[in-house]
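Just one chain is shown here, as structure tokens, and it is the form predicted on its own.
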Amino acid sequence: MAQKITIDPITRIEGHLKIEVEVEDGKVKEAYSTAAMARGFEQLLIGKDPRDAQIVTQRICGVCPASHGLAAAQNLDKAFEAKVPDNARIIRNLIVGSNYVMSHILHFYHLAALDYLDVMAIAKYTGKDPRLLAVKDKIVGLVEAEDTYPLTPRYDPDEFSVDDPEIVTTAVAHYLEALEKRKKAQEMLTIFGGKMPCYCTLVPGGVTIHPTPDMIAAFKYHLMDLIDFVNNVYLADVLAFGTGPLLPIHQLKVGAGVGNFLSFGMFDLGVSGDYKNRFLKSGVIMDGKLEEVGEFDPTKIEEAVKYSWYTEDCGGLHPTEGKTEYDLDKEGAYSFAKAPRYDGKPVEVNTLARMLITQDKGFMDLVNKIGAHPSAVARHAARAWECKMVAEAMLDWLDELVDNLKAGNTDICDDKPVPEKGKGIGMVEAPRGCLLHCVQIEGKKIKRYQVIAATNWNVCPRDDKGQRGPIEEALVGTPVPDPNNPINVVRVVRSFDP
């Protein structure tokens, strides 16, 4: 008989995702993912000035406000019929690129890596490295003071956990170093964004910040330091772990998922908002055919609500016609997340999707080296590789900005008045996956606003056909030899969105 395990909350960063699994014969037989809080931003925006949207919606996510701001701005660019100047396109790339680097470092070191380490092995470190001895003293001191949160995992180490004192102590040293690097990435964002979180220089039609040589120099100074960390510490750690002690988890295909992947594409290279010309490519992969990347068609998106706390007439709609009306007594419902579908199927959206669709040669070589199939470990490898790609690409975007300024092109915004009527849609990639905002304006006010956040695609419940959401599907078959220590369950979920 299956044993039910409930983990609530499962996330380290935000506390409103609940996971329930049924375990039988040492493996997950069934899984349910519950977004336990209503978002409410869609209703909050109705009747407001449209120019509020790119500021207000940044509050949806404490990790990805930059992406929400960009999706809202591109949405409003279209509704206002504004033509975004090239400088604004580049500055937007630099702002969101900074957030990408910060977010990927955060995801690996501070939210997920501890699931793979036996942190207490630090006490056995016998080396002579002064830096690592300082880390040992710090952690041992915290343990003696019974103050190990958040370093201590919530579950016991298992056979996949790394317990070599030298490796673990080095990894924790990098954990501490990563805190400083995240701070630097945030400071880099503020150079063009004004502040963080919830930056303030983004407006419909462009940006309000005029780039100067000292801004560009400061940005580049921070960026060079981060590139060094990403290439020589972050990526090196992920490659060492993924091809070494964590390779068995990948080979067991723990957390494989639905086999369908979607990317809107990210970082505009030509016209702002053109998803067909982006640094990270748009596209789809269906039915596990990783070599076949199809063209993305926005008309194939819709949301199901059979198992969500929304009225039935909210279901089966494209987000441009979407509705948000709650039914808290709905029989069978178990989540505030709707179930976004592409061409009627659940799709995984995140860095792994973007990397498989972009098919960067360096990443594809890595995939072939460790085994060409999705897994929890593959998601971490994809994030590290994408972090390297984005960080290095920002150097090129800085050069573009300098060339524009030298050529006398200083435009930063196509300032348009609020239209009497208008519709828009903004589709970008947050670090955690596809992010869509759409707006309808009437009487110069917001009449309709809908958001499909990146997390919704992955944490969603079943749809009208009974198809599990991506995280639910990824959990089925996950080894849980000890029901009192479901550490593999949290590894799978946190590989998507911890």
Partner chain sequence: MESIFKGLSRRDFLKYCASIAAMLGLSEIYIPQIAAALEEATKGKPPVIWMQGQSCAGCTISFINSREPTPPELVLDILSVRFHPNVMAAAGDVALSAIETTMKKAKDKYVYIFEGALPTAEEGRFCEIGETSAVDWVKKVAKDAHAVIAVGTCASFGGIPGANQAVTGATGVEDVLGTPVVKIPGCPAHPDWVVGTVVKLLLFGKDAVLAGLDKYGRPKEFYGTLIHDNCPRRHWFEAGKFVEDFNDPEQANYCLLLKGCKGPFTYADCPKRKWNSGTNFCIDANAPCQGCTQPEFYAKFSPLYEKLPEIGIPGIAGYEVSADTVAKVLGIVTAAGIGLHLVGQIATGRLGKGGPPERGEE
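Residue numbers count along the first chain shown, from 1. Since the model is a prediction, treat every value here as computed from it, not as a measurement.
What comes next is about the form predicted together with its partner chain, which is not displayed.
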Could you tell me which one of Glu312, Asp343, Asp411, Asp164 places a heavy atom within 4.5 Å of its partner chain in the predicted bound form?
Asp411
Which one, Ala372, Val402, Leu176, Met224, lies within 4.5 Å of its partner chain in the predicted bound form by heavy atoms?
Leu176
Is it the case in the predicted bound form that Asp49, Leu151 and Asp329 each bring at least one heavy atom within 4.5 Å of its partner chain?
yes
Looking at the partner-bound form in the predicted bound form, is Asp129 within 4.5 Å of its partner chain by any heavy atom?
no
Would you please decide whether Val23 lies within 4.5 angstroms of its partner chain in the predicted bound form, comparing each non-hydrogen atom pair?
no
Though only this chain appears here, would Lys195 touch its partner chain in the predicted bound form if you measure heavy atom gaps against 4.5 Å?
yes
Contact of Gln54 with its partner chain in the predicted bound form (heavy atom, 4.5 Å):
yes
Which of 234 to 242, 283 to 291, 200 to 208, 264 to 272 has heavy atoms within 4.5 Å of its partner chain in the predicted bound form?
200 to 208
Residues in 112 to 139 with any heavy atom within 4.5 Å of its partner chain in the predicted bound form:
Leu114, Lys138
